[in-house]
Each structure stands twice: as C-alpha cells, then as structure tokens.
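The chain below stands alone and is given as structure tokens, in the form predicted alone.
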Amino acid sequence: MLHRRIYQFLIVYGLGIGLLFGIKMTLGLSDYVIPGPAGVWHTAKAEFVRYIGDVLDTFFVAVVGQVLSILMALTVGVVGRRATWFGSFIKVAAYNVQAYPIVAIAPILFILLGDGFLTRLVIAAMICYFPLLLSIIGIMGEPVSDIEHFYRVTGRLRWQLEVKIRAFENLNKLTTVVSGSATLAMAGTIVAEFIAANAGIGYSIRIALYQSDLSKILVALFIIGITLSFYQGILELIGAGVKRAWAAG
C-alpha cells in the first residue's frame, strides 16, 4: 500500500510537470513564466531542506487537526446514527453546515484568534470534520442486518456492540475515509497559512507567489505530495493491521 501510494504520486507529479514543460516548449515561453528543468533542479537543491522543515510544520498541524476532527466526527456520528429526532437533527445540521465553505470564514478566525498555531489548527479541523462526519454517519447508520438480527432477537445487542459490528464490517470504508481526510486536513492548513499565517509551507508558497517563482512552488508541491502519500500509505497499513488483529481477536 505504501509503495503504491508513493509511485502513484510520482507518476501524477511527473505527468503534471512534464505537461508544464511541454507547454513551455510548445509556446516558447521564457524561464520567467515557466522555468526549465535545470532551473527547477537548482531551486530544489537550494530550498529542499528549508521546505522540508516547512512541510513538517504544516504536516504536524494537519495531523493534530485531523485527529481532533476524527474524534469529534466519531462521537457525533455514533450518536447521530439512530433514526431518532436527535439523529435526524444532526444529519440535517451536518448537511447544511457542510454546504457552507469553511474557507470563507477563515478571515474571521484570523481576526479573532490571530495568525498562530490555534487558527491553523481550527481551520484544518473544520475543513476535514464535516466530510468525515457525513461519511461516518452514513456508515454507522447502515445496519448489518444479518449479524445484528441475532443479537437483537436474543436481547444482547447493546449500542457498544452495534457500533463495533458496524465499524468492523465497514473498516475498509472507514480507513479510506480517514486516509482521504488527511488530504483535507493538509489542504486546510495550507490554505490557512496561505491566507495570513507566518509559518508553514502555505506561507512559503505565498512568498514564492509574490516573487513569481514557479520553481519554488513546484518544489513545495513535490514535498507536500510525497509527505502526504507516505502518510496515507501508513494510515492504510494501520487500517489493514487493525482489521487483522480485530478478526484474530
């Protein structure tokens, strides 16, 4: 899983940068508009170490925000899985709030909380929370009838057992949802840093944009992509390990 994630990213990145160089050659664009391979390589050698630090800074905030959003989504999703008035209310509220672009309220958070760690964390958590919540509500709200029926007729079905059955039967889906939410958390953190923060790779990309330095942006995108691919591969491995351990236990 890990190597698959990484080589898939390398293929996509290679195709993307190849297309960029193809456009440059076809249209005869200058290095100022689209840098050549040599320019990108020199920038990578000069900025790689600094950008690694920036990406890890952003990645740390994204992971903490993702963990918070998973915990909140699991809690609310488990509570809202029932077809009760409260469950329906949570679903309607989640759908309505999810439709509102969280990025649009990011400037308000910066005004209220400043441009530090907390603001980046809140934006990262909010951007990946609602898609997570909707997915978890959908998974937890779908009965595993053939298994739950036995426990229900024997009177042994408690809510904890119900949640365990649905989580185990849908562990592949949950792993995919959690892995996908890593991208949202990273994107949310980068957007927060790009808007107004003074740290992280989003801030460095904003500086590169002001300098019209596409080479720096391409290097930053490569490090972001390879870091995220590695992390998602690790999450998928953990999900597979949990399922094997759960089945064996």
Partner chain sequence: MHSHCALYRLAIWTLLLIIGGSIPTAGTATAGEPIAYRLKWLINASTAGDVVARQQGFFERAGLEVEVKAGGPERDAIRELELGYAQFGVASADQVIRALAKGASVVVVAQLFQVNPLQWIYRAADFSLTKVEDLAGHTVGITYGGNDETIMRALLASAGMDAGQVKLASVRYDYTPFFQKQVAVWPVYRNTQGIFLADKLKAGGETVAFFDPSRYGVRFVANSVVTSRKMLDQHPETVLQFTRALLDGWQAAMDPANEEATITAVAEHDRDTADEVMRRQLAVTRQMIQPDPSIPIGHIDTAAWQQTETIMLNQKLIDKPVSVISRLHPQSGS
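Please read these numbers as outputs of a predicted model, since none were measured by experiment. Positions refer to the first chain, counted from 1.
Below, we turn to the form predicted in complex with the partner chain, even though it does not appear here.
Note on contacts: among Val67, Val49, Val33, Ala38, the single residue with a heavy atom within 4.5 Å of the partner chain in the predicted complex is Val33. Of the residues given (Ile111, Leu161, Val97, Ile105), Ile111 alone sits with a heavy atom within 4.5 Å of the partner chain in the predicted complex. The three marked residues, Ile11, Asp57 and Tyr231, fail to reach the partner chain in the predicted complex, with no heavy atom of any inside 4.5 Å. Only one of 57-65, 23-31, 219-227, 179-187 lies within 4.5 Å of the partner chain in the predicted complex by heavy atoms, and it is 23-31. Looking at Ala196, you'd find a heavy atom of it within 4.5 angstroms of the partner chain in the predicted complex. Contact residues in stretch 2-21 (any heavy atom within 4.5 Å of the partner chain, taken in the predicted complex) are limited to Leu19.
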